[in-house]
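Just one chain is shown here, as structure tokens, and it is the form predicted on its own.
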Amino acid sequence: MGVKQDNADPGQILPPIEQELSNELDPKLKKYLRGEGTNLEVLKDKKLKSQLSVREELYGISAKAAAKAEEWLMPSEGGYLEVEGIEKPWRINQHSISSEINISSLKNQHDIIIPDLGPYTLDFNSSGRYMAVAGRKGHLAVLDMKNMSLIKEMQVRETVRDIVFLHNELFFAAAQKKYPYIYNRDGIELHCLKEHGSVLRLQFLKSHFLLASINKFGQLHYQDVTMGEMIGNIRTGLGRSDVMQVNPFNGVVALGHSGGTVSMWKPTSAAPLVKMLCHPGPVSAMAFHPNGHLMATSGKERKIKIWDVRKFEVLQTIPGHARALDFSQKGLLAAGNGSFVQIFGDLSESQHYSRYMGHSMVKGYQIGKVLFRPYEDVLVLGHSMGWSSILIPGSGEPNFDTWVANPYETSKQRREKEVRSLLDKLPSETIMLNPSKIGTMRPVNKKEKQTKQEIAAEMEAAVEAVKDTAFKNKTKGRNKASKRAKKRKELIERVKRPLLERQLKEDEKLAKKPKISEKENALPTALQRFASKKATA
């Protein structure tokens, strides 16, 4: 049994389920269509008209297939807080949100208070399921955020400044008092990286398998974790820096310095790729947008700046100070300072950030790290008394790609992914400001030869310009017509000389080229060297 619409073709009768599905897909088709269709009625060429009509039909079929795949493969949709009338979204607190959400989301709101071991820093793996936390007093732990269970915790009995996951959740690196150490998930020490020295910040480049660190002497180190080889050891020469971030688009490491500058580095260059003055005072925090084109920096002069990294110019300046910054997968910006965190959003998608949400903690807590959890609407705050997790609607990507990050992957899938990522590992030479240049052809810098007519026209224009030259009136006897004509002739010859010399050089080059006989010319280029040559007397 089918549903038949008025004024519809008999062949377009669809079953009720298919009809309902097609009605849902119609608004989604606009996203995948390639603009407005071509007006084929104005074309007179029948062959071109038929080719374009087939092409337009294929575009429509592919758009419908993409919209249908989105219906089944991307069931969840992201969204932000919606308010009515004069309500403001930043006035909605976490207590109001918790009363409106389900039980599974409610477990993402929690506070872990460990006052004796803080302040705490943290890191997530690429899927967002596992979290590694490190307390300044030596407390290290790995947690499963899906089951809210503790996998492993240990006490290293010395200062820990930073922690970062490596290529998966089985390994993590901790920047301890003297050297950084690499541990596995069971807490077993695997490596002590003594060449790095006393490290302040750590970052891991997932596509290149490089562990980057900056120590207290301002030395930047790159180490390949697959072979254990030290790829780069760079003296920045800009002093101590504890602000370090990696651009996810190109793998360039950015450092914030006490002079207000931000420098960008790659392991194969001893000089910075870019050195830009962002603030008049020290840089206190920095973060990159997931697309790699936007950068947020905070300075001690109480200003947060949004930069376009492609043009190296300021897009927006937001008043306020931040000790920690982070961008979410959907582009929200979290700025933490003291016991208060603010979230800014580009809700109009015009690269203009406005206040979206805020959260105030217990007075006296000092926020040192803010980090959005991937694929969840969760923001985790590392502070002086432990860590806290709050809900930020619209911050995470609602649909995950199992080829990129799978929160539910098995041990077999993890092993296969590890082998695949090692095969796809990028060499350190591919780190550059514009990685889209890789695989393109280098432009040929050949100067176009001028034709004889163009040279003659250029010479005529130069001669005409000289003919109109006005001479100064000189004393009696030195202002004769013959002397004026002689000077004008000398000027014309002086203008012609470089053009004539250039033409003479080109003629000499042509004369030096060996002439190919008609017999050799008849052969293909590859066989001309085998042609019989006439014996010279």
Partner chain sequence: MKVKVISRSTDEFTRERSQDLQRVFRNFDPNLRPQEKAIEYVRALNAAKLEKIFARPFIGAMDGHIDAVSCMAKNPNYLKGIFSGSMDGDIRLWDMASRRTVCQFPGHQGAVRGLAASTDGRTLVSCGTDCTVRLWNVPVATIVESDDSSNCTAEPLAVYSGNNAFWDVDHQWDGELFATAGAQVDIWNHNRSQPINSFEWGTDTVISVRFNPGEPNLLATSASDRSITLYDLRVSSPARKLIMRTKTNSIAWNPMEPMNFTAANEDCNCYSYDARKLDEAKCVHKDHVSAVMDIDFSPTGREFVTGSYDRTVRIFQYNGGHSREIYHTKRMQRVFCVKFSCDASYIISGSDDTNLRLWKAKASEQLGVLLPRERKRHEYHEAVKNRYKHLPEVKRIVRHRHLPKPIYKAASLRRTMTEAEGGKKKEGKLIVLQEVLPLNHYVKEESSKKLSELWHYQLL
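Since the model is a prediction, treat every value here as computed from it, not as a measurement. Residue numbers count along the first chain shown, from 1.
Heads up, the form predicted in complex with its partner chain isn't pictured, but that's what we're talking about next.
Query raised in the report: Any chance A271 has a heavy atom within 4.5 Å of its partner chain in the model of the complex?
Result: Close contact is absent here: in the model of the complex, A271 is far from its partner chain, nothing within 4.5 Å, heavy atoms only.
Report task. Classify S207 as contacting or not contacting its partner chain in the model of the complex by the rule of any non-hydrogen atom within 4.5 angstroms, answering yes or no. Result -> Yes, contact at 4.5 Å.
Query raised in the report: Contact between N250 and its partner chain in the model of the complex at 4.5 Å, heavy atoms?
Result: N250: yes, in contact with its partner chain in the model of the complex.
Query - Heavy atom of P427 within 4.5 Å of its partner chain in the model of the complex - result: Close contact exists here: in the model of the complex, P427 approaches its partner chain to within 4.5 Å, heavy atoms only.
Query - Contact assignment for its partner chain in the model of the complex, among I101, I182, I151, L166, heavy atom within 4.5 Å - result: Selected residue: I101.
Report task. Name the residue from A457, I438, V362, I188 that puts a heavy atom within 4.5 Å of its partner chain in the model of the complex. Result -> Selected option: I438.
Query raised in the report: Counting only heavy atoms and a 4.5 Å cutoff, which of 258-266, 375-383, 274-282, 332-340 contacts its partner chain in the model of the complex?
Result: Of the options, only 375-383 has residues within 4.5 Å of the partner.
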